[in-house]
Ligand SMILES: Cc1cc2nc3c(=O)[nH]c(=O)nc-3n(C[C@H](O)[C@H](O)[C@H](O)COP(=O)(O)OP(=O)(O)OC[C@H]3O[C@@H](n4cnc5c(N)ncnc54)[C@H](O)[C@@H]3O)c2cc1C
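Starting off, we have a lone chain in the form predicted alone, written out as structure tokens.
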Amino acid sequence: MNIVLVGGGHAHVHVLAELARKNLPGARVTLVTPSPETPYSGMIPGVVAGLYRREEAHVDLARLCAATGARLLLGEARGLDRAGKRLLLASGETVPYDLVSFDVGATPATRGVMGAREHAIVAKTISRFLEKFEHLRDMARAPTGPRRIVVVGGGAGGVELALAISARLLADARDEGRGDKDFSLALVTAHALLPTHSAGARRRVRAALARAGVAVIEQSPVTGISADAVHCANGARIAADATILTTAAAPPDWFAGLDLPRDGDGFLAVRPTLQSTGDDDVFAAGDCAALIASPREKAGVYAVRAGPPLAANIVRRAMGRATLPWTPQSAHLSIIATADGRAIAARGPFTIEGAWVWRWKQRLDRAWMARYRGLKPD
């Protein structure tokens, strides 16, 4: 039985550990991923803000595979031969499978935004974003370096990044004895700020952005990005030396060539069992998947919580047993770190804020990381 996991996302990290615990007779598990490490999205804004070291926010997939007996194959998937049951890689290699699961995340939706690929720093993939952000920090240290920073996207991810970037660049300026008054940072969103959050959460987040000196520009869909500006549909031109794009998620381009059902946005369509609506031997979870029966926003919390039901159903399918449905909760806890030693927690209409919320978030994030980083090779 060849079980192939494509992508090292949050759900697959749990699947690796669970498959090792189940120890299925004759099962050979292969993880296919372009990188030997995977970031934990909940901690990335903390890395940007300088509150975590980079390694603290990444799971070592090579070590995890060694600890769980899985084979790690570094490569990029590019297609699926369902008739021959083979995963196709960009290198031309093929990987045979009996069961295959996709957890490859998503990319920012750049279609309709002219110049985005040439002039913007996209927030995904995370590893590339961190590299580009470090380059931005280096450039900002120069007397003529970038001073006008614009973050595009008013969801929780955009808010956290805007606050983290502001904190880090201003701290760099102060640490090096440079003035920090010449920096400006703006957050531009096509709709209202945090459209899926309550009014109370939006009020607290607006206050946090104001404290950090981040200007908020709402109801301004971005149509173009140039080397020195962000251009909006309403004719507004926002001066920008650097633009970070955190807009709505889009599926990987190569999904268009998969002979599998997808939703209207191009994500893999899955049933409540996390199996493809068109193939019982194909699973998908995380941002790359769309639960047709219970659509949810693209949020890391759903990828994390999909791990246990995904693992259970892969095991059940491998053993010839019926898979079981999973319905994610309709409302989830959202904790937005404000990069000043505080955080804002929101769920439904309820919201709280304080330094203790940041400490709570740290404990939750570190506990998730410890669960998989603590595994040791046999």
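None of the values given here were measured: they were computed from a predicted structure. For every residue, the number given is its place in the sequence shown, counted from 1.
Below, we turn to the form predicted together with this ligand, even though it does not appear here.
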**Q.** Proximity to this ligand in the predicted complex, single hit among 164, 282, 185, 299 (heavy atom within 4.5 Å)
**A.** 299
(Q) Just to be sure I understand the contacts: of 77, 99, 193, 208, which is the one whose heavy atoms reach within 4.5 angstroms of this ligand in the predicted complex? (A) 77
Q. Okay, which stretch from 226-234, 199-207, 132-140, 119-127 lines this ligand in the predicted complex, with non-hydrogen atoms inside 4.5 Å?
A. 119-127
(Q) So in the predicted complex, is this ligand close enough to residue 348 to count as touching (4.5 Å, heavy atoms)? (A) no
Q. Residue 42 near this ligand in the predicted complex, any heavy atom under 4.5 Å?
A. yes
Q: Report yes if any heavy atom of residue 29 sits within 4.5 Å of a heavy atom of this ligand in the predicted complex; otherwise report no.
A: no
Q) Applying a 4.5 Å heavy atom distance criterion, does residue 14 contact this ligand in the predicted complex? A) no
Q | Contacts with this ligand in the predicted complex, stretch 157-178 (heavy atom within 4.5 Å) | A | 157, 160, 161
